[in-house]
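Just one chain follows, in the form predicted alone, and it is written as structure tokens.
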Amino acid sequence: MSELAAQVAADLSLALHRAKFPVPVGVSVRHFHVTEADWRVLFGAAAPVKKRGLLQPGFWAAEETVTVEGPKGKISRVRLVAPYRTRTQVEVSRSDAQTLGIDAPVRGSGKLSGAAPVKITGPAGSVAVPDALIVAQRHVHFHPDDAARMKVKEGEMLRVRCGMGGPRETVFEGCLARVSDKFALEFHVDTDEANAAWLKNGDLSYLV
């Protein structure tokens, strides 16, 4: 067997192995993370109030929402995902960014180099953050046990098939693997991507 044929066979074997394990889908609607200092400006001294837990351990959706504003428009009721972060960050879809009139870059969560400026307004005040707005890169969260079972490495770029058997079955390319003992297995897409494949929370996807 030639070297190329051997590599193709190995890649196929790995894809078939990974495809045995379903990965729950989490549709990431527009939301923001906030520093404690910015929280105080936006909401005053009270702490965030938990609305519901999220699949990712330690993260939760808060009752509090803000309005985000760009040169061409604004979007209200953008929900806080807590707890506090070291940097304020707003995650939107490409459609949302166009509504705001902002050319937001695709970035991994927390990777804010080159992020776009945005104004955020809460009930107590506003902050203008110079590097906060991003379109989140689609990604898969893995606990190390899941990563080992599925033979995935941190930072690997994956292909994920979604909506199998449905009218808009889609394979997403360039899905970032994120591995941490603080994560639970979940594939995160934004609302544009979910709508393209007719996905909802809890649907199953597969690495291919």
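Each residue number is its position in the shown sequence, starting from 1. Given the structure is predicted, the values throughout are model-derived calculations rather than measurements.
The same protein also exists as the form predicted in complex with another copy of the chain; that form is not shown, yet it is the one meant from here on.
Visitor: Which is the contacting stretch out of 141-149, 160-168, 48-56, 63-71, given heavy atoms within 4.5 Å of another copy of the chain in the predicted complex?
Guide: Selected range: 160-168.
Visitor: So in the predicted complex, does any heavy atom of residue 106 sit within 4.5 Å of another copy of the chain?
Guide: Contact check for residue 106: yes, within 4.5 Å of another copy of the chain in the predicted complex.
Visitor: Would residue 186 sit within 4.5 Å of another copy of the chain in the predicted complex, counting heavy atoms only?
Guide: Although another copy of the chain is absent here, residue 186 would stay clear of it in the predicted complex, with no heavy atoms inside 4.5 Å.
Visitor: Hey, in the predicted complex, does residue 21 get a heavy atom within 4.5 angstroms of another copy of the chain?
Guide: Outside the cut-off, so no.
Visitor: Taking heavy atoms and a 4.5 Å cut-off, does residue 173 contact another copy of the chain in the predicted complex?
Guide: Contact check for residue 173: yes, within 4.5 Å of another copy of the chain in the predicted complex.
Visitor: Pick from 126, 86, 95, 76: which residue has any heavy atom within 4.5 angstroms of another copy of the chain in the predicted complex?
Guide: Spelling it out, the residue with a heavy atom inside the cut-off is 95.
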